[in-house]
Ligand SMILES: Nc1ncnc2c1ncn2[C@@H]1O[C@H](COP(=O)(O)OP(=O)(O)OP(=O)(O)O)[C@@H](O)[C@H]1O
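Here's a solo chain for you in C-alpha cells, the form predicted on its own.
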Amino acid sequence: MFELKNIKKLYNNHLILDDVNIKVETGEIVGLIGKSGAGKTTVIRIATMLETVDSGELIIDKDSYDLTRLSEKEIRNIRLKEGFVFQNFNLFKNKTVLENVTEGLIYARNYTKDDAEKLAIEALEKVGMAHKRDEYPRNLSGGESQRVGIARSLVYNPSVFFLDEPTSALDVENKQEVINVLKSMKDNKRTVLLVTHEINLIKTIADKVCFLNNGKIIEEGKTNEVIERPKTDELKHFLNSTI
C-alpha cells in the first residue's frame, strides 16, 4: 500500500499542491489526471524523493515518513521500494538493453553480474524484449525503448510503480505495444500510480482515478464513475478538451 497524506508544496510563495491526499491500495492502479500545470508531475517527484515538501506524510508498506524531515537512510529505504518509469525512457545510450537493466542491480544493489543478468532477462521477457538484449537504444523504436524502461523498473520488484506519462511520447503503433505491457501489470496486480493525460489509457487499466486541479484533488473515485459521470465543471471541461 502507498499513500501521500496532506501534501503541501510552495514554490516562490505560490501554492503548487494544497493538502493533496492520494492512496493506492496493494494491487491497485490509480490514475492521476489533470491539465498541464495542475501539479501531476510534482506529485510523482515528491513520491519518488526528487522534490521536497512544505508539509506532508508518505506511507509505504505500512511504514510512515514525515516528508519534511527525512534522513538519508529513510530516503534510501523508500527508494528501494519504488519503481519509476519515465516519459522519455532515460536509457543509457552507450549501454545495451541488457546493461541498461542490470546497471542499477550491480552498482546500486551489489548484485553479481551473473545474478543481475538472470533477473534482467526475466524482466525483459515479461515485456517482450529479451530478444533485443544486445541492441543499443539507438536501434530501438519508441515503444521498444519504453518497454525496456518498464523492464528496468520491474527488475527490482518494487512495492509501488510510478508511471509518468508512459505513452505520451509514442506514436499509435508504439503506444499500443506499451499499453499491452501496462495491461499485464494490471493482470499481475502491480501497485501503480499512473500520471497521464490520456483518458483511454486510464479507462483501460486504472481501477480508480484522481482529478488534480489547481493543486487540489477535486474529484476521485472508481474510474468509470469519475470519467463517465463527472461532477464538477472543471473535470467536464478537462474531459471535453481531451477528446
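Don't overthink the numbering: it's just position in the shown sequence, from 1. Since we're looking at a predicted model, the values are computed, not measured.
The next section is about a form of this same protein that is not shown, the form predicted in complex with the named molecule.
Interface segment, criterion being heavy atoms within 4.5 Å of the named molecule in the predicted bound form, picked from 31-39, 52-60, 179-187, 200-208
Contact-bearing stretch, as computed: 31-39.
Can any non-hydrogen atom of residue 16 be found within 4.5 angstroms of the named molecule in the predicted bound form?
Yes - in the predicted bound form, heavy atoms of residue 16 and the named molecule come within 4.5 Å of each other.
Using a 4.5 Å heavy atom cut-off, state whether residue 165 contacts the named molecule in the predicted bound form.
Answer yes; at least one heavy atom of residue 165 falls within 4.5 Å of the named molecule in the predicted bound form.
What are the residues of 1-25, in order along the chain, with a heavy atom within 4.5 Å of the named molecule in the predicted bound form?
The stretch touches the partner through 11, 12, 16.
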